[in-house]
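This document opens with one chain alone, in structure tokens, the form predicted alone.
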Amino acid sequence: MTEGVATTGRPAVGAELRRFVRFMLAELKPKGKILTPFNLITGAIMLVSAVVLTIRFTKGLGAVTNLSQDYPWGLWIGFDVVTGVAFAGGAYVLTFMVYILRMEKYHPIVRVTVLNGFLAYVFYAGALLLDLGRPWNVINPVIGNSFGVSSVLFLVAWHFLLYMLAEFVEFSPAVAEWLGWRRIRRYLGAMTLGAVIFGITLSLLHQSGLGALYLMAKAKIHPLWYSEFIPILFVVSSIFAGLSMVIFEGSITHKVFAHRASRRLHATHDDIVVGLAKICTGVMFVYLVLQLLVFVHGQRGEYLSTGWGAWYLLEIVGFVAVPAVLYAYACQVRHMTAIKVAAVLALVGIVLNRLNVSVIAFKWYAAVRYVPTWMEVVVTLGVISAELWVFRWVVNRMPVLDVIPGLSDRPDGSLEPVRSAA
């Protein structure tokens, strides 16, 4: 009997494997037009980036960057990692709101936000390999070689790795639904809440950990940006940075992938955006108060009359206070365009803050300053372009903005049959 089962089972397994291969080959085919302005521009950027990276990995960092012993960290760290991780903060904030606080209104955008966060960590953390002189040594914290357990970088490395795993688990139910693995989907759904709690903890730790890296550079960062409270400021700013990115990307995604969005998302999109804008308003005013306390505590008033003081005021007033007020006004009158403008201004403010801490105001006193080469800029744009291509591929195929017919995704990660209103 055992042999009979094995004999009849082999053809079934083979047929299923062939079906899976045909399915994957069909999914790999492009959907939509190929020769579009977006594809041509981003494709050219990625092609040039590939050439630059080939030079980088064959001839070294000095061949394509302006990095040196005095400036070992540049644009690839300051923007791709330090700024990119702040932009990905929307994932941990939104999962906390939906899975922990049970704010059901935001449930339709959970998956796309988690996908954005996961891809951001994969690509921006992957950008670390570009900046390491010996990229193969990135495995050292994982395999236990040269453990520096008291190092902030050691903690950040493990936080990154574990958080990416947590976000993959959070998103994995969508992958199982796409592949038609309903039984596996139920097991993965049951793991969602635990992954969310674990991921929120890790995210808070590494958001502050990135700020803690710069606590050791007190003598190198301009006093207007250095503070022993940098870790706290990084965590608080990651909340409104992440939600502003959700508003910005979500508004574009809602238009570009309107054919993939569920009816519930179409019906509640504006309410979701206004709700997120209200949260951003409150958090940004808290951030402003914290910045004021740090400014007074550090007795930084003497620097305001300098050029660096004007640059500091531009960041704080122009790209924190102004978007905070604009958010507040737009929420009151439900002005969607104003909310989107406020989101863009807030994101620019985060870019300025992170780059000021890590690049612009770093060694501000030096006679020769670091300025990224055009090749560094192109590679950064190439990383972003590649992320957008993967994001588009996933959204066009997996149930990210819609739901599987006949099933409803519950906030606890489980599935239940959809019941008609009748």
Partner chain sequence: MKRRDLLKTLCAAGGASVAATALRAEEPGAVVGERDRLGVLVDTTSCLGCRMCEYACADANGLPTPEADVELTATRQTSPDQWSVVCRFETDRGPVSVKRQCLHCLQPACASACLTKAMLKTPEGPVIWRESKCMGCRYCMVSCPFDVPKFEYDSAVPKIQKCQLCFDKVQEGKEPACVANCPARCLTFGRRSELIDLAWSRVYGEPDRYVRHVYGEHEVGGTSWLYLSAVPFDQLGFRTDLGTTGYPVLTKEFLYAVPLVLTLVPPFLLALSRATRARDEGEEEYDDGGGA
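Residue numbers count along the first chain shown, from 1. This is a predicted model, so every value here is computed, not measured.
Beyond the structure shown, there is the form predicted together with the partner chain, which is absent from this document and is the topic of what follows.
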> in the predicted complex, does each residue in the set S150, E170 and F362 place a non-hydrogen atom within 4.5 angstroms of the partner chain?
Replying inline: yes
> Do Y226 and the partner chain come within 4.5 Å of each other in the predicted complex, heavy atoms counted?
Replying inline: yes
> Does R334 reach the partner chain in the predicted complex if we count a contact as any heavy atom within 4.5 Å?
Replying inline: no
> Hey, in the predicted complex, is A212 touching the partner chain, heavy atoms inside 4.5 Å?
Replying inline: yes
>> Under a 4.5 Å heavy atom criterion, is H259 part of the interface with the partner chain in the predicted complex?
In response: no
> Picking from 102 to 110, 81 to 89, 301 to 309, 317 to 325, which part of the chain touches the partner chain in the predicted complex when contact means heavy atoms within 4.5 Å?
Replying inline: 102 to 110
>> Which residue, I143, V296, A267, I252, is the contact with the partner chain in the predicted complex, using a 4.5 Å heavy atom cutoff?
In response: V296
> Along 36 to 58, which positions have a non-hydrogen atom within 4.5 Å of the partner chain in the predicted complex?
Replying inline: F57, T58
